[in-house]
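In the form predicted alone, a lone chain appears below as structure tokens.
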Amino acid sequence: MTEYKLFEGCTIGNRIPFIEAASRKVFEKVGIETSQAPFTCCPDPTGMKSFDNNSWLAIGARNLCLAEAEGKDILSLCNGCANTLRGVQHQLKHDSLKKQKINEQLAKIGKEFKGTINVKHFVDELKDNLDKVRGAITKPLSGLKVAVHPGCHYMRPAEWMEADDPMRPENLKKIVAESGATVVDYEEMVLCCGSAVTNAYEEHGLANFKIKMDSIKNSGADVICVNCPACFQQFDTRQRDLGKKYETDYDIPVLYLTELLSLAMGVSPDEIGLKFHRTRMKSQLEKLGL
């Protein structure tokens, strides 16, 4: 099995570390080996890039150089981080003038971007090892209905993410199905959760989020499964705000993919910190005998 340099990202490490705990449990059971590197922020795929592309490229390239120095590919736990690092690599590999300019900056700290490693999203690694995921399932989540939300940055831009069909994504569905849960379809699966918009323009972001949540609610899903920390926070923390604004009950728990798989692999809810979720899933756990 290939050893990866694990890129946890800022949000998981600083705000929702229980997701990292669940991810490490799953990687151990599936046989995915990881090690650490002194990475910084990726940086964010929409923030700095929009007003200072050169700084965005330099910071991202510096992270890539750390993995290049050890000859290890990067495995990202975050949609945004994977999107940024793949996007930086895509730009620098296809624009020699930008690469030269960025390497002039990196030379000041003794580094040079060469483009010799790959960046992989953890969903793609699990998809490539479905047989091992299947073999690690000891407590199938039979009877649990799951609505999946892959998130925008996992699928788009397709020219450098190359992960899934951006309009008909299947990867997350396939992995969740291995847990024994039932994947339910809903009309707005590829719609953005509204996280970034909510932070800047709350009224518009919540309006978008309502469309998403209404569609999920109508599907009869017991839980929502995501693979992005920003999406996780939107679903976990904003349902209460949504309910207050629109005077409607929204109370569907959210699980990160690795949390869902951990439960199906026999890991207890306490071991992966499910008690730290804002939207509780007591009834769902009782339904599963957990």
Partner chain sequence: MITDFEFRKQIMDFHVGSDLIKYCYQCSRCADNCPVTKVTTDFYGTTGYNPRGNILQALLGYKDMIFSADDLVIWGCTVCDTCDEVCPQNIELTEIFTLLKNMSIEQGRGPEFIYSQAKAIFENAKAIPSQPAIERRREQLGLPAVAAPDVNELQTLLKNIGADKKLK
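Positions refer to the first chain, counted from 1. Just so we're clear, the structure is a prediction, and the values are computed from it rather than from any experiment.
Missing here is the form predicted together with its partner chain; even so, the following discussion is about that form.
Of the candidates K174, R156, K217, K145, R156 is the one whose heavy atoms come within 4.5 Å of its partner chain in the model of the complex; the others do not. Among the residues K111, K132, K127, K114, the one placing a heavy atom within 4.5 Å of its partner chain in the model of the complex is K111. Every member of the trio G47, S195 and I272 reaches its partner chain in the model of the complex with some non-hydrogen atom inside 4.5 Å. With a 4.5 Å cutoff on heavy atoms, L191 counts as touching its partner chain in the model of the complex. The closest heavy atom approach of S268 to its partner chain in the model of the complex falls outside 4.5 Å. Contact annotation: N83 falls within 4.5 Å of its partner chain in the model of the complex, judged by heavy atom distances.
Using a 4.5 angstroms threshold between heavy atoms, H90 counts as touching its partner chain in the model of the complex. Of the candidate stretches 176-184, 67-75, 163-171, 137-145, only 163-171 has residues whose heavy atoms lie within 4.5 Å of its partner chain in the model of the complex. Within 4.5 angstroms of its partner chain in the model of the complex, the stretch 16-31 places a non-hydrogen atom from each of P17, F18, E20, A21, R24, taken in sequence order.
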